[in-house]
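The chain below stands alone and is given in C-alpha cells; this is the form predicted on its own.
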C-alpha cells in the first residue's frame, strides 16, 4: 500500500496581501485598568486651557495665511530614521516603533515635519504657488522620561513654510510665535542661532570634537556617548560640569560661510525692524539632524537664568530635507512647533486662566414626558438660530432645573410643561429680575431676539 501524501496547506491572504494568522488567545487581566505611565487624561476642568491655546493658535495661523493639513499618526519607520537621523535621542531611544501584522515596520509619529514633507511630495504640492504655508496640531509620541509638562503622548501645534529660502520668512515665523505667546499673556524671549550648511556644520563638529576629546572623562555619561554619535547634542547638556567645559568651546557662528552669515544677519535685521526681542545663543542646536541655517527657541523670561530652560516653541530651517525624502529638486523650508502641555503649564504658573465656557443665553426647562420630547427638538431649533442654549432633560422637578439655570448664569429660562404643550405656548422667565410671561411658541424666536438683543 502506498503512503498517503499529505495535502499542502494554503495560506489565505487579505486584499492587502497580509497573512491571515491564527487568532491570538489572550489571557484577560481582571485588574482594574490604569493610565499608562507618561500618558495623561485631559479632564473637563482642563479643557478651557486647551480651548484657549488651540483657538488662539488657529486664529493666528489663519491670520498669517496658513492652510490646515492633517497627517497620519502612524508612518513608515524609515521616514523618521531618514529625516530625524540616527544618533539622535528621538530615533535611538524614544520612538514607539513596531511591526504590523503584515510585516511593515512603522512608528508612531514623534514630530510633524517629516510627515508633512512626505505629504507635500506625495501629493504634488511642489506645483502649488510658493511658498506653501501649512499648519496642524495633534498628539505625538516619544518614549521619554515623564516630567512636568512632558508626557509620552504629548500635543503640539506645528507650522511649516515650504518652497522659499527668503530670510523674511524666518522672521515672519518667529514673529508669529512671539505674538501668539504674548497674546496668550506670556512674557518670552527668543533665543536664536545659525547652524549654517551641512558643510560648515561638519567643519564645526570636527573642531568641537577636537576640543572635547581631552575632556572626555570629565563629561557626563550621555555626553561621552554623544561625542562619537552626535557631538552637537553635547551643547544641550544639562550637566553643570559639561557646561563649564563648554565655556571655551569653539562657536558655530565662527564657522559660517558668507552665505550663511548673510542669511542670519538678514533675519536679525528683520527681527529688529519688527521689534521682536531676541538673544543670540551660540550653543543653541535642535535635536533633529535636518536643521540648517536659522534655529530658534522661545523660553519664558523668568527662565532665562536656568542652565537649560524648557522651550515653549522651537524651530528652524531645513533646506535639504525634502530633496532627501524624494522631492525632485532642492526645496528650502522652515518650520516650528509649540508644545501645548508646556504652554498650559506656563499659563497656570503665571495665573492666567483659560477661556471660560460662554454663559448660556437660554436654559430650556421641561416638565413631563410630552414636554421633554418637544424640548429635544426645540433645543436644536434654538441652537440653529444662534442662541447659546443649555438644558438637562434628566431632571423632572422645575425647582431643580431653575437652580441649574441660575448656576449656569443663563439670561432666560424657558419653561415648557403639559399646559403649555396643550396651549402651544411657552413661559419665558427673566433670570435677572424673576419676571416671566407666557407667549405663543410661534413667537418665541422673535421674542428672544428682542429680549437678548441679538
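All values reported here derive from a predicted model rather than from experimental measurement. Positions refer to the first chain, counted from 1.
This next part talks about the form predicted together with a small molecule, which is not shown.
Task: Listed residue (156, 224, 166, 243) with a non-hydrogen atom within 4.5 angstroms of the small molecule in the predicted complex - done: Residue within 4.5 Å of the partner: 156.
Open item on the list: Can you work out which of 332, 314, 196, 115 has a heavy atom no more than 4.5 Å from the small molecule in the predicted complex?
Closed with: Spelling it out, the residue with a heavy atom inside the cut-off is 314.
- [ ] Report the stretch among 306 to 314, 353 to 361, 274 to 282, 172 to 180 that approaches the small molecule in the predicted complex to within 4.5 Å, counting heavy atoms only.
- [x] Of the options, only 306 to 314 has residues within 4.5 Å of the partner.
- [ ] Please check if residue 261 has a heavy atom lying within 4.5 Å of any heavy atom of the small molecule in the predicted complex.
- [x] No, residue 261 sits far enough from the small molecule in the predicted complex that none of its heavy atoms falls within 4.5 Å.
Open item on the list: Can you work out whether residue 131 and the small molecule are in contact in the predicted complex, taking contact to mean some heavy atom pair no more than 4.5 Å apart?
Closed with: No, residue 131 sits far enough from the small molecule in the predicted complex that none of its heavy atoms falls within 4.5 Å.
- [ ] Give a yes/no on whether residue 255 approaches the small molecule to within 4.5 Å in the predicted complex, heavy atoms considered.
- [x] Answer no; every heavy atom of residue 255 is more than 4.5 Å from the small molecule in the predicted complex.
- [ ] Using the partner position in the predicted complex, report whether residue 151 sits within 4.5 Å of the small molecule, counting heavy atoms only.
- [x] Residue 151: contacts the small molecule in the predicted complex.
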